[in-house]
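Okay, here we've got a single chain as C-alpha cells, the form predicted on its own, with questions on binding and movement later.
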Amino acid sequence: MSENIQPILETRGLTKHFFTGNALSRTVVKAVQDATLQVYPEKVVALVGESGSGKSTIVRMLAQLYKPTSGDIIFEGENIVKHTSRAALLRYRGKVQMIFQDPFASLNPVHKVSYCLQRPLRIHHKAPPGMASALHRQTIELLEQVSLIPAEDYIKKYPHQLSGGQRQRVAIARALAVEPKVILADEPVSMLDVSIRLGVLNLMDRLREMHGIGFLYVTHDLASARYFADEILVMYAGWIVEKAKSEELIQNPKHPYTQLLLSAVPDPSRGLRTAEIEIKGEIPNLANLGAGCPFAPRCSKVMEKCNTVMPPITTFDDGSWTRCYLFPNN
C-alpha cells in the first residue's frame, strides 16, 4: 500500500474481554488481544481463522455493537472510541455499515423489502422529506445496483418470499443506502448455496470499485479470501498472527497456523493423500489461555519459549508480518 494513502478505518491495540460468573468466581474470556488492522478505500482486507478465533468480535467492535475493553478505533483520523454522543455514533454508523452472516435473520420478516431499504434512508436523512416519489425512486435504484431486476418485482415482497441469495442482496442494498465508506462483511456468503456465492462476491467487488468502498471481509474460507481480498489477516485464539498480501500468504505462509489452514484446503493435486501438516488438538479455551503463544499446544515446531512469552511481531521487507519465534524479530 502506498505510503501517501491513509487508511479510512483502523484499529490500534484493540482488545475485548468478556466477564462471566459472579463476584466470587469471575472468569475472563480473552476474545480479542491487541488487534491492529487497517482498511483502505476501495480495498478488501480479509480476516480468516477458525470459528471462535475472535473474528466476529472484532467486527462487532468496529460496528459499535461491542465496546472495546481497551485500544482505539480510528475512522478518518478520529478516535471514535472517545465519541460517546448519540449524534456521533449515528454519523459513524452511517459511514461504517455491516452485512451479517445470516440473510434469514438480518431482515425483519414482518416488513416488505421497501421498508427495509427506506428505513435507513429516513434515519440517516438520505431521502428528501415528504417526497414519496423520490424515496420510491431511491429504493428502485438500490435494488438495481444489487442486480435484483426488475426492481418492481421485489420491492413489495416479504423476506420469506425471497431466496437466501436474494435476501443477502437486499441486505447489501440496505448497507449501500446510507452511502458508506466501509462495509463490514461478516461471513456474508457462508450460509448461501455454493452455486450463488461467487455471484455475491462479484457483486461486492463491483460495488467496491463503483463506490470506492473499503471492505473488511470475515471468513473461514481461504479460497474466497484469496479470490476477493487484497490482503489477508490470519487470526487464532484472539490474536492476529499473520498479515500478508493475499497471493503472498497463499504461496508463502509463514506462521505454522496459516500453514495448517492451507493444508486443510482441498487440493486436487494431492488426490486422496493426507495433508502435509499434522493437525492435532483444538482451539484453546479463551478463558484459560497461557502466557505464551496460544497455538503452541498444536504446533509441530514448538519451542520452549513459545509456552511462556507471546512472540513479538516480525515485519518483513514487503510489509507482511507474523508473530512466531521461527523468525528473528527485527
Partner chain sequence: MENQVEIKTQRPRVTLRNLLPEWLWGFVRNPKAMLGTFILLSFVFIGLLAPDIAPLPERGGANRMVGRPHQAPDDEFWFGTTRQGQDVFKQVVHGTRTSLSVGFGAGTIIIILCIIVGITSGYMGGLVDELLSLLMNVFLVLPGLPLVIVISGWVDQPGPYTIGLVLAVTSWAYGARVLRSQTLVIRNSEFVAAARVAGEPSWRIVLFEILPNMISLVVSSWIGAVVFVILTEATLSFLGLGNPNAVSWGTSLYWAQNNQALLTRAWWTFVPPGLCIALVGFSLTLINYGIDEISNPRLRSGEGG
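Positions refer to the first chain, counted from 1. In this text, all values refer to a predicted model and were calculated from it rather than measured experimentally.
One more form of this protein, predicted together with the partner chain, exists but is not displayed; see below.
The stretch from 71 to 79, 229 to 237, 101 to 109, 252 to 260 that comes within 4.5 Å of the partner chain in the model of the complex, counting heavy atoms only, is 101 to 109. A single residue from the set K43, K30, R60, R298 has any heavy atom within 4.5 angstroms of the partner chain in the model of the complex; that residue is R60. Contact with the partner chain in the model of the complex, defined as a heavy atom within 4.5 Å, holds for exactly one of R197, K245, R93, H220, namely R93. Contact between M303 and the partner chain in the model of the complex is not found at the 4.5 Å heavy atom cutoff. Although the partner is absent here, R174 lies within 4.5 Å of the partner chain in the model of the complex, judged by heavy atoms.
Taking the partner from the other structure, the partner chain in the model of the complex has no heavy atom within 4.5 Å of any heavy atom of N202. Using a 4.5 angstroms threshold between heavy atoms, I123 counts as touching the partner chain in the model of the complex. For the three marked residues, L65, Y115 and Y158, a heavy atom of each sits within 4.5 Å of the partner chain in the model of the complex.
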